[in-house]
Structures are given as structure tokens and as C-alpha cells.
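As a starting point, one isolated chain is supplied in C-alpha cells, in the form predicted on its own.
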Amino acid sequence: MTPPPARSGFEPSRDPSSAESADLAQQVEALIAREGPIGFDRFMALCLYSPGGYYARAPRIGREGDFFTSVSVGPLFGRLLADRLAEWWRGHGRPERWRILEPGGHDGCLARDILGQLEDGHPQAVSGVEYALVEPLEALARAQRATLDRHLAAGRVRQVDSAESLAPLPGALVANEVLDALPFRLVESTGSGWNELGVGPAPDGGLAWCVLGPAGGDATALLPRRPAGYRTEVRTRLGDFVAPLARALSPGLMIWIDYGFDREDYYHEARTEGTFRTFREHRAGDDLLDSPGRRDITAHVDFTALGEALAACGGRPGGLEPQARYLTRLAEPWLRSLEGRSDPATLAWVRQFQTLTHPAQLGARFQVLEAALP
């Protein structure tokens, strides 16, 4: 649930109606009054990434925020990922200069945890690393600088608003809950085809759903036939988002962590209302038009589509696996080192691991897809 970077397949709105001083709902209503109904992907972009949008206000995460992530559990998540990145660095000839690339890094806590473990456990690897945070939103970039001030002073952290500004380096991408916040289009089956849904004016004021017309083939070419009324979401610009990130790494490793399914499961006939949700204060909702800019909007990830986008960039995707299995494999050496220990500090680390991997908590909620880049 973190924002995608600018100009990596998605550009935050520059609409004049997005003036930060005005209420976003009124801005959207005024925009629709001028231009007519808009696609949901544009509406979502305005709600999340315009100057008055949800992510532009740097929302809080964790128990006191709107949602809870693996990073919220504590530093163990980042430390395990750091060990995986160091393993990749050693396996690729220990390059003198290499990059860790993170889009949508929110307040920088994951970067802090990864860099901390590299310092503690992999000093040779950290000596030549550039941790590049791709963040176009100033409020979040400012939060990252506050979290990472020590690493910025050491010259290890670089902030950019677009991956396209980065010359290729050997390295790895870590994308934790990024794609779920990428704007999507909404489509509804007619029984024999698909219509695209948009956002228009309600007769009594406010916003309402409308049908924009038949959905284009780019949105529906790979969808199975479904009964009339079946509604789902499609991200048609996934390849545009992935490609600039892939070009910044050569050779590279990409680690994508998010909630989602493969395509067959994603568009299962029983999933009649899609996967889209809103979140505010840990409460999920299904009214996507409610309180524009004041709640998160999200949908699961089609990991089959992600694999296809990575392959189009020359990547070699591996198998999709639950976070529990992935982190348990990464943690095997660490878990062996804890055998026989029961001090309070060790028990605290173990509780973090259990939260990250237990099927009833985060272990089954998230999936992990790795991909190698040439």
C-alpha cells in the first residue's frame, strides 16, 4: 500500500483541479463537470497521488495508522531481505558498486532496516551500495530523509522521482506492497463482452458510477467469459511501470511482495466483485467513491500479468510462493543460531518471525515473486 513512482508507467496528476488548497472531492466533481465522466484509473490517481491525495499527505502505517504491513512488525523483515540481497551480491562477483532500488518506500523504514543489517552482517557489501529510493511525492520524500538521515550523511542513500534518471548498475529491487496501489481500470461483464466503468456526476450531487462504453481489448483480451454483472479490475499499464525499474539494474534481482493471485485464481468465476477495497483506520470498505483522498484504494495483484511484464523486459520470473515459505527459507541460518536461547531479546525476534510467517497473520496474506534480470 505504497505509492508508485512518477514516470515509471504512472504519472501523478498535474490537473489544474488538483490544487492542494481545495477539497479533493470538490476538485474531482469540478473536473467531471468540465470534462465529463472519467475512467476509474484516473479517479484513483487523483485520489491517491494528486497534491491533495491520500499518499501526498504521508499517511501513517502500523497499528495507529490505516493499515499494517510486514515492515510494521519490526526490523526482522528488512533484515531477512538484506541477507538475501547480500547473497545475490556475493553470487554476482561482489561488484564494487551496486544498487538497491526501492519504489514507493513510504517513510524509509524498510530501507533503514535493510541498511542496518548490511552494516551489521555484511560490511563489505554495504561499503559500495547505493540505496535508491524512487519517490515523487515530497511529503514522503521528506519522511524518508528524516528516517535515513544517518545513511544520507554517509552517502549511501539517493532519492529520485523517477527510475528513468538512473544509469544501470548491478543490483536488486525490493518492492513491498507497491503494485496493489497502482491505478486500475474497472470492467463489468455483459455476458458476451465487457464494459468499462467510470466515475460521473450523481443526479443529486456528488459522484456515481457510470458506463463509459465497451472496454478496449488491452483491458479484456486475457479475461475469460463471465456472466453479466461480474465486475473486476485490470491494470493495463503494468509493463510501463516495470520497464524503467528493470532498466536501472543490470544484472539484477527483483523481489516483488504483495497480496494477489495467479490469473486463473484472480478471475475465478466465484470472485464476482473483484478484489478492490478501501482502507481507513484498519477498516476495509468497498465504496470506492467514498471520501476521495481520505482513504487508501487498493486491489490485489495479478501475478501472472506481472510475470509477463517482467519477461517482456528480459526478466526470468521464478515461482510464486507465500511469504511464509519465502521468509522461512531466508531465515534458516538465523533460526539455527537461536537454538537453545530463550532470553527476552531472542523471544521478541521470534515473535516478529511468527507474525511474518504464521498463516493466520501475514504468512499467507502475501505472495513473493523473484525475477532475475540479465
Ligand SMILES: C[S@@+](CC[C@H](N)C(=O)[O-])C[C@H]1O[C@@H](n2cnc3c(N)ncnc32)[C@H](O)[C@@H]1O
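This is a predicted model, so every value here is computed, not measured. All residue numbers refer to positions in the sequence shown, first residue = 1.
A second form of this protein, the form predicted together with this ligand, is not displayed here; the remarks below concern that form.
- The shortest heavy atom separation between residue 241 and this ligand in the predicted bound form is within 4.5 Å.
- Though the partner is left out of this view, residue 176 does reach within 4.5 Å of this ligand in the predicted bound form, counting heavy atoms only.
- Contact annotation: residue 134 falls within 4.5 Å of this ligand in the predicted bound form, judged by heavy atom distances.
- Taking the partner from the other structure, this ligand in the predicted bound form has a heavy atom within 4.5 Å of a heavy atom of residue 71.
- Here the chain stands by itself, but in the predicted bound form one stretch of 205-213, 121-129, 180-188, 226-234, 180-188, has heavy atoms within 4.5 Å of this ligand.
- Proximity to this ligand in the predicted bound form, taken as a non-hydrogen atom within 4.5 angstroms, holds for one residue of 104, 170, 293, 78, which is 104.
- Just one of 140, 115, 288, 219 comes within 4.5 Å of this ligand in the predicted bound form, counting any heavy atom, and that one is 140.
- Residues are counted as partner-facing when one of their heavy atoms sits within 4.5 Å of this ligand in the predicted bound form; in 31-58 these are 49, 55, in sequence order.
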